[in-house]
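The chain that follows stands alone, in the form predicted alone, written as structure tokens.
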């Protein structure tokens, strides 16, 4: 029997899981922003029920943030492979323009028009995927082509006009962005379905592992039997599908197809939401819930600025400051440098 020396080993400190550490900072930033609004922004948390539907600033954040949340889901998978998709805003414009033309102007059945719109968006994603995966064009260049040309295609579809569809003959199309389900705006339900679908595909199958392996080391994943080209192709197709859904919501929300402004600069918000959520631009491990929280943070900040009567021209400045702070806090090297003086003092 070994001799009992009476010494007891101290338990090693328990560390948070990787996903919890990544989600900590965006959640903390969102909580601080909400706390600021609770103190400084009157009526921010007020909720009221009208005709069985909830209304208020918090509901507006969920409703207007739905587009960026959906875009961020597709963008997360693209960035996880080490790429980027700058064309999602243009694909949104194409989706809205095509939906207005075939469903409103040409009176197609809603289901047929929806299938055509999403099919065209899938083809747009296949174009990006082919350039990146097959022809090895750099992702930022490949998607920049569609970013520039796609908005021109949307303008061509509508003949450069804003197509409105306030006609009650299009109830299903108007319901997408203005309807309600269980008291909440219908876009919130679409976000929930899209998030559940993406989590199911990437966390309950091997697809998520393939995406992360391609982003971490494409050469090693290729020699391990992973079809890196197929994985990259699929994520760009899925990103365009998400953009198509977001484009339908955007057009429905304003009851018009505005090809010039639909999805404008939303690709940047989607990329920022993904980065805030903990997914590195270099690829690898990705966090879908973190991307959704990042989108909520961006929309909450935008709503806060509007409610405090700040000019729309100044919005990019505070948004950039908050994003920089959150990204710095996510950096282990930055946190070590900040904490170094306190650690030395304690020692």
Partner chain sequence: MRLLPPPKYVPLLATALVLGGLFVAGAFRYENFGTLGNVLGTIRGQAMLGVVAIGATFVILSGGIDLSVGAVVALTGMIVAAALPSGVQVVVPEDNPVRQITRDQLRQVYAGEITNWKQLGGPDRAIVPVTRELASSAHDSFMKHVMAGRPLADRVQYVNDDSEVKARVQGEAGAIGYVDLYYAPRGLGRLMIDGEHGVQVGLNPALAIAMALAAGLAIGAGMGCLIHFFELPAFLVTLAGMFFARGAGFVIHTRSIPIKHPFFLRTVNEDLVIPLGGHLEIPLAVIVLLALLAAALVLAHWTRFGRNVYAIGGSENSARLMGLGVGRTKILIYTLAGLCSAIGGVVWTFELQSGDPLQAGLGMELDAIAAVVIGGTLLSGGVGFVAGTLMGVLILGLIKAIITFENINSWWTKIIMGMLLLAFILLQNFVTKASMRRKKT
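Residue numbers count along the first chain shown, from 1. Since this is a predicted model, take the numbers as computed values, not measurements.
What comes next is about the form predicted in complex with its partner chain, which does not appear here.
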Practice prompt. Note which of 268, 193, 184, 169 lies within 4.5 Å of its partner chain in the predicted bound form, where distance is taken over heavy atoms; exactly one does.
Written response: 268
Worksheet item: What stretch, of 88-96, 237-245, 105-113, 126-134, brings heavy atoms to within 4.5 Å of its partner chain in the predicted bound form?
Response: 126-134
Worksheet item: Is residue 31 close enough to its partner chain in the predicted bound form to count, meaning some heavy atom within 4.5 Å?
Response: no
Fill in: residue 120, heavy atom within 4.5 angstroms of its partner chain in the predicted bound form
no
Worksheet item: If you check in the predicted bound form, is residue 338 within 4.5 Å of its partner chain, heavy atoms only?
Response: yes
Discussion item. Under a 4.5 Å heavy atom criterion, is residue 197 part of the interface with its partner chain in the predicted bound form?
Written reply: no
Worksheet item: Out of 302-316, which residues reach within 4.5 Å of its partner chain in the predicted bound form, heavy atoms considered?
Response: 313, 314, 316
